[in-house]
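Shown below, as structure tokens, is a lone chain in the form predicted on its own; questions about how it binds or moves come after it.
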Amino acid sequence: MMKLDSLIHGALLRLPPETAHDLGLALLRIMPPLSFVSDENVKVKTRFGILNNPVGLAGGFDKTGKCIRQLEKLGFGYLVVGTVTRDARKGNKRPRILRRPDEFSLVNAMGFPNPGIKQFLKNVKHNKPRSTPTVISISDEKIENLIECYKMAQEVAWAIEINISSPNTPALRHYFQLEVFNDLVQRIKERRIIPTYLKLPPMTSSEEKSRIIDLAKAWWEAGLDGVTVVNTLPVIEPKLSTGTGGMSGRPLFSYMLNSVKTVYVLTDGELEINAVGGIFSGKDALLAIMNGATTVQLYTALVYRGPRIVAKILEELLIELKKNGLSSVEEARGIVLRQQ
């Protein structure tokens, strides 16, 4: 079976990215659930429940809410679905995603294709997972629309991820003005009934780092639950229809780790941190956790390492815990910074 999986995965990597993505999800419908590590030492407590493991699927893989049942078969500790906006969007023209296999990265300029919040939530209700917690990622350029999405999505999700940092939607940048951001935080705080996380961009300059620290601090001081770091890195890519895109994958690892450390120290470890960006192995996952992450998220690694990625990472994670003299993921969180 593993050989067949490898052959199918190799064939998918030879197809255009969006074609491969759609075909892969279709194949998941007929695939039986994969076996995966079940061990008390990889369980982790979060604001939205105790997870069987700390490995989540990052937002963007299921843009419609129709694929939750299929993705649950892969063994993730939780799933982030979306990003979804109030109104339906077709997204940018194709080509809008490409692989950079030499550096194990992807560059996308998707532009939030989604069916709109009402249809999306119908899809999620129809495709509810059997047991895996589902986080819904939401966004919108207009604050009123974003809050409308927030109120509706809370009725269905285990938690919410607010995505105001996608580099493919420049109009979102107004949220990074402190006055606008504080207004958003206040509105979210007033309406919050389930755990809520803020997705932040990579710190690409001292000015950007200062701005992101201000946002994380305001989020923390408002009593909100956590952050997801980091979103994709803006890059120029002439092969995409837009000429630019957001890069994910291995090159983001150092940006992610820097953000994890920064937020952990800033908030005394009180904010939960979901680390995303360049995590391809159990060693990568443990390094993020030891530097303050509560959970980790994958997207690009799933593309390059295939459908058994979660099982592989959990097996590697248990080995790495033992190597580092640690008994559990919970014990590992922030240990590097606590020992300094």
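In case it trips you up, residue 1 is the first one in the sequence shown, and so on. All values reported here derive from a predicted model rather than from experimental measurement.
Not pictured, yet referred to below: the form predicted in complex with a small molecule.
- The single contact residue among 197, 150, 112, 264, judged by any heavy atom lying within 4.5 Å of the small molecule in the predicted bound form, is 112.
- Only one of the listed residues (290, 309, 298, 42) places a non-hydrogen atom within 4.5 angstroms of the small molecule in the predicted bound form, and that residue is 298.
- In the predicted bound form, the small molecule stays beyond 4.5 Å of every heavy atom belonging to residue 117.
- Within 4.5 Å of any heavy atom of the small molecule in the predicted bound form lies no heavy atom of residue 259.
- Taking the partner from the other structure, the small molecule in the predicted bound form has a heavy atom within 4.5 Å of a heavy atom of residue 108.
- In the predicted bound form, at least one heavy atom of residue 82 sits within 4.5 Å of the small molecule.
- Segments offered: 242-250, 69-77, 152-160, 122-130. Contacting the small molecule in the predicted bound form at heavy atom distances within 4.5 Å is 242-250.
- Each of 60, 230 and 278 is positioned with at least one heavy atom within 4.5 Å of the small molecule in the predicted bound form.
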